[in-house]
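Shown next as structure tokens: one chain only, the form predicted alone.
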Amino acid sequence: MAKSRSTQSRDPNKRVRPASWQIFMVSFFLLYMLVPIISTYVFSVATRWDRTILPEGYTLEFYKRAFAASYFTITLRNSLILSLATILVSLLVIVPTVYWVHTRLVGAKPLLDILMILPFGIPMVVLALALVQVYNFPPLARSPTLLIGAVVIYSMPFMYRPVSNAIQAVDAQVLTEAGQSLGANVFQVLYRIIIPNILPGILSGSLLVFSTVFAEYTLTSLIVGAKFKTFPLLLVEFTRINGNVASAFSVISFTIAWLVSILILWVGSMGNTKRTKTIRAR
């Protein structure tokens, strides 16, 4: 009888109701995350919102002003170029390096982990001023190329950690030895075996890097300024002019970041689907 009761109590199909404090904590977290975003969305369409709890009226006029801004298209294009270029450079630098460290230089992994923490401890103002002082010769002086290098350094930990965890999870050493035993060289192993297996980590790192770089302001304003105006610079400029239009720019920025994130995830899922079909066909 006791045995049957213990079996019933451990029934995996039986739903366990969350405790009240768990519901409270999850609700509090959702409110903490969603209320500022929802408020920004509402403020971007509010005619006036300073005398009552809810806006006194709603309008799309501020979005019309945002889209009619003279530098809207240029800044949006520059931000997308900067974000995508940073993702590409980060992948070209980090993926081979992490793979090499995990398979050939295992003793250097603790040192690499420490180096990847350093960007968190270096203020962006210090990083920008240091790069401007060191690379003060053409064609790098205050150029978009120097800016890409700066944001790659700043966002490197966001790409490194997901890729490193993914390579460690798939046991790159075993996969490398298996590929080489079949006649593949190092580049073929990395391209055809390792990268497809760590694609979720690459996608996670790419999403983190994109969301970080697309909203980056400090490095851009200090290194290139108006020479390569990005979307955050335009947003800050309108913050001093009209808060409602600035909120509209924030909403546009959120929406673009979400759409690009969904696109990256969709491309990754399509790649996984094609790879699964190929394996089944074989």
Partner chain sequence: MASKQKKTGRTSDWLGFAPFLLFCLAFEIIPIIFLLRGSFIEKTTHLFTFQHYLDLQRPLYINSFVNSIKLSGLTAIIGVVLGTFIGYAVYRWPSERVRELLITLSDVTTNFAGVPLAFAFVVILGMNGVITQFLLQYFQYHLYPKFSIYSFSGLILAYVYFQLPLMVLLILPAFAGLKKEWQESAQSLGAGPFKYWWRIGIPVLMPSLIAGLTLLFANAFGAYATAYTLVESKLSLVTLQIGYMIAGEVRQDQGVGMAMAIGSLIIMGLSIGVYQAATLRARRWSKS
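Heads up, when I say rigid core I mean the largest set of C-alphas that superpose within 1.5 Å between the two forms. From a predicted model like this one, the values you see are computed outputs, not experimental measurements. Positions refer to the first chain, counted from 1.
This next part talks about the form predicted together with its partner chain, which is not shown.
Distance criterion of 4.5 Å from any heavy atom to its partner chain in the predicted bound form singles out 128 from the list 87, 202, 167, 128.
Shown here without its partner, the chain carries 45, 82 and 230, none of which come within 4.5 Å of its partner chain in the predicted bound form through any heavy atom. Among heavy atoms of residue 137, none comes within 4.5 Å of its partner chain in the predicted bound form. Its partner chain in the predicted bound form is not approached by residue 69, whose heavy atoms all lie more than 4.5 angstroms from it. Proximity of residue 25 to its partner chain in the predicted bound form: non-hydrogen atoms within 4.5 Å are present. Its partner chain in the predicted bound form is approached by residue 156, whose closest heavy atom lies within 4.5 angstroms of it. Residues are counted as partner-facing when one of their heavy atoms sits within 4.5 Å of its partner chain in the predicted bound form; in 17 to 32 these are 17, 18, 21, 22, 23, 25, 26, 28, 29, 30, 32, in sequence order. Once both forms are fitted on their rigid core, the CA atom of residue 29 lies 2 Å or more apart between the shown form and the other one. The two forms, fitted on the rigid core, differ between the shown form and the other one by 2 Å or more at the CA of residue 38.
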